[in-house]
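Heads up, the chain below is alone and in the form predicted alone; it's given as structure tokens.
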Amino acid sequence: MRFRTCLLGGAALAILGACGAYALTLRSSMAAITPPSQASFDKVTVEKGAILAAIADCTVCHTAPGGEPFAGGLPLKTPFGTLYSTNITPEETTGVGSWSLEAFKRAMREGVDRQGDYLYPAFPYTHYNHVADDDLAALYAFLMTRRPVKATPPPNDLIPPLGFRPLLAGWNLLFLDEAPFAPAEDQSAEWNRGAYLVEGLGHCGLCHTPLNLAGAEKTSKTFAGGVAEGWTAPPLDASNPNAARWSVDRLTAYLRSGLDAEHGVAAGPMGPVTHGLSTVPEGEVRAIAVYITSKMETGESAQQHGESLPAAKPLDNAEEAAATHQAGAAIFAGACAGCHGTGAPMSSDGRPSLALTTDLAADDPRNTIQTILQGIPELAGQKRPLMPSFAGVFSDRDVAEVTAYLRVRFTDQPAWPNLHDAVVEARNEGEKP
């Protein structure tokens, strides 16, 4: 009898403890407001918010293919399942029109929406919590002056039990750094501005830092490189093999144009980033470049003098590549040579030589494969070379063959192993759910 009583008592205490822990995760809802009129926001604040939204890349994640800007519904593939971005237009019932500025700030800094539900950290509140009050107010003003769109995203499709949002309270406890941004006293105002933008609204570390098993950034390896949407995001620290070739001027130009003669064209997730930054005042982008190049400093590098190293000499081992990869050579001649061959008629549009693109010389073939599969789409208002997608034209074997050919022809690096498997993986990663 005593044992049974103790057992029941222990079970009751465990249930009470679980209920108490659950209660601690609950967040209160915040009062709904009537959507503010556009006239209630001054023009200067809205224009400032537009710049900040471009730096934060809001429209990219919150716009579905073919959908209305900021209306959400974009599928985001993660190792834990698929998330769909939310509607952040000022529509009252499905968007954020009923959100007060304080509700907006809570979401941006704590990852909790107006109703008290936790947001998934694919939304980078882990970076946005470093943003100053006046900038959050400007971003709020910008969003509240967009066209309201009534749209509800599809339900998230996550591995059980990750759809239970209160679990994110524990994630935040472990990984959410609530410390405000602190300028470095030994750095210039321009450097500090760049640090503020990169670490905050720019959330660059979310892609360019490896993630742990819980999907949080490994803070001990900040900017050491990562993976985003099936693409490799290169290191932004001294481990970047091309660090010494990035001067402040060169990186500024690349971030605003999406093009560099010794790097290539910004593709994959980086394409929209440079498209957004092309609308941002040059001084802001330059500050970002100042901060990032400082992270890539490698001792007595050319960056310290504001100049890049002499141009690399392009290789073209056409005969060797054709002899060792006949199938790849045939595919290149039929589908690629018109733009990328020696003296190609379409090479006059500023298209970088393949021999100088960093992706072909990288240790991982992922970005080369994804570029072949997905191409480089047109981005309105940005003049840069385009490339069609070959995902529906080339088989996995075709992509592997031409990738192997390109590696031999245009680099002096060793062959990539297991290319067919890498193509299959890249194709799966790049497909939309």
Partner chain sequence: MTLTLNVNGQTRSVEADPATPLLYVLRNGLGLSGPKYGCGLGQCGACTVQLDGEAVFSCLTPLAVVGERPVVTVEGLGTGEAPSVLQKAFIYEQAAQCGYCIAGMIMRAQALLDANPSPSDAEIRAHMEPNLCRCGTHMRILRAVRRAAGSKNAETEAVR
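Every value quoted in this text rests on a predicted model; they were computed, and no experiment measured them. Positions refer to the first chain, counted from 1.
Not pictured, yet referred to below: the form predicted together with the partner chain.
Enquirer: Considering the partner chain in the model of the complex, which of Ala335, Val273, Ala169, Ala122 comes within 4.5 Å of it through any heavy atom?
Expert: Contact check passes for Ala335.
Enquirer: By the heavy atom within 4.5 Å rule, which residue out of Ala233, Val198, Ile331, Val290 makes contact with the partner chain in the model of the complex?
Expert: Checking each option against the partner chain in the model of the complex, the one that comes within 4.5 Å is Ile331.
Enquirer: Would the partner chain be touched by all three of Cys339, Gly392 and Asp398 in the model of the complex, meaning a heavy atom each within 4.5 Å?
Expert: Spot residues vs the partner chain: full contact, yes.
Enquirer: Which single stretch, out of 403-411, 382-390, 363-371, 27-35, brings residue heavy atoms within 4.5 Å of the partner chain in the model of the complex?
Expert: Among the candidates, contact is made by 382-390.
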